[in-house]
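The form predicted on its own is given below as one chain in structure tokens.
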């Protein structure tokens, strides 16, 4: 039988329900899907292809999913560091957005961000910003899968002067990408403190009408929690629950740093997933998400980087290592958050959070062929005893050799396939000069 691509001589880390690991094996790809996974000896007998790639016993695993990004902020990387959150936002980020945000900036910044994501082994992003059509088109150009969350705010921004225009734009966005292979659309009310109760309820109805997932920041800072208690007499999750948002089919809440036990139990019972952005939260001194409670209540948690203005990179690999090691130290328990659990958070858990568990997150026949190849044929990666430990405690993004999305190489031998990397770097340098001159 002829197929599109055979990845042979691989160590296959499936991240399936049984945590299957196969050695000396082939992954067979046909029509953008994983058609079969079997031993090299069996693959030679059953399949033929003009595209056969020798993986050289490197690790072949599901692509990483970055469940919380702001890709259009990619040209703001490192713009203002080591500052309190309010100063960072009001004196640096918001002024730059007011001056530079337009369709061209968002497209080019997202193009750059999509390239960076791919080089970090990310095969899908769950994004949140404005003018997300530009983000969608930039990601499609790079071959990156994306869920574009159009941001909803009560107050005017550099993009939209009133709320009605935001919903009109989101309506056209959802219609345009309704059947797109690479793009899903979400409604993204920014937070409970930038959207009033009526706006949040309107987002709920809009989600129902257009069958859209919801992506929202929740309990990111202590101030957010305190203000909610003062204004509404309840914790943020309970306040959000009263809008009906937590009864929607697919809801992801970003950060969850200050969630309390009864909120976590409620989110778990409502089948809501929380996105941990540990590096960003640490850098902004937002606090430590209550991972012990997430684990105790069986909360589905996944990983995001947040935007590079607050994180400075899009590396889910780095998020995995930081998360696993930080909480062992905080809880004085070296067994807490095993490497296997953290790998699952970056893959199958994230796919579940986004309502795509049947399509993504593990290497299984019938799933979309979103795959990365991790190079372990180097001195830094040897000897190799445990694949999960290697990925979480040893790996850095430079060791991600190939990134495959929808059955096609989008990075091969560390080189982007769909865009000239030098052009992207020149773009970034040009905007850096403009932003610096405008400060």
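Given the structure is predicted, the values throughout are model-derived calculations rather than measurements. Positions refer to the first chain, counted from 1.
One more form of this protein should be noted, the form predicted in complex with a further copy of the same chain, which is absent from this view; the next part is about it.
Chemist: Since only the chain is shown here, I'm wondering whether residue 401 would be in contact with a further copy of the same chain in the model of the complex (any heavy atom pair within 4.5 Å).
Modeler: Outside the cut-off, so no.
Chemist: Heavy atom to heavy atom, is residue 396 within 4.5 Å of a further copy of the same chain in the model of the complex?
Modeler: Flag for residue 396 set to yes.
Chemist: Is residue 412 close enough to a further copy of the same chain in the model of the complex to count, meaning some heavy atom within 4.5 Å?
Modeler: Although a further copy of the same chain is absent here, residue 412 would stay clear of it in the model of the complex, with no heavy atoms inside 4.5 Å.
Chemist: So, residue 265 and a further copy of the same chain: in the model of the complex, are they within 4.5 Å at any heavy atom pair?
Modeler: Heavy-atom contact with a further copy of the same chain at 4.5 Å: absent for residue 265.
Chemist: Among 364 to 372, 234 to 242, 306 to 314, 173 to 181, which stretch sits within 4.5 Å of a further copy of the same chain in the model of the complex, heavy atoms only?
Modeler: Partner-contacting stretch among the options: 306 to 314.
Chemist: Are 25, 297 and 301 jointly within 4.5 Å of a further copy of the same chain in the model of the complex, each by at least one heavy atom?
Modeler: Answer is no for this spot.
Chemist: In the model of the complex, which of the listed residues (199, 120, 207, 134) lies with a heavy atom within 4.5 Å of a further copy of the same chain?
Modeler: By the 4.5 Å criterion, the partner-contacting residue is 120.
Chemist: Go through 101, 79, 348, 225 and name the one with a heavy atom inside 4.5 Å of a further copy of the same chain in the model of the complex.
Modeler: When a further copy of the same chain is considered in the model of the complex, the option within 4.5 Å is 79.
Chemist: So which bits of 30 to 53 sit within 4.5 Å of a further copy of the same chain in the model of the complex, heavy atoms only?
Modeler: Result: empty, none.
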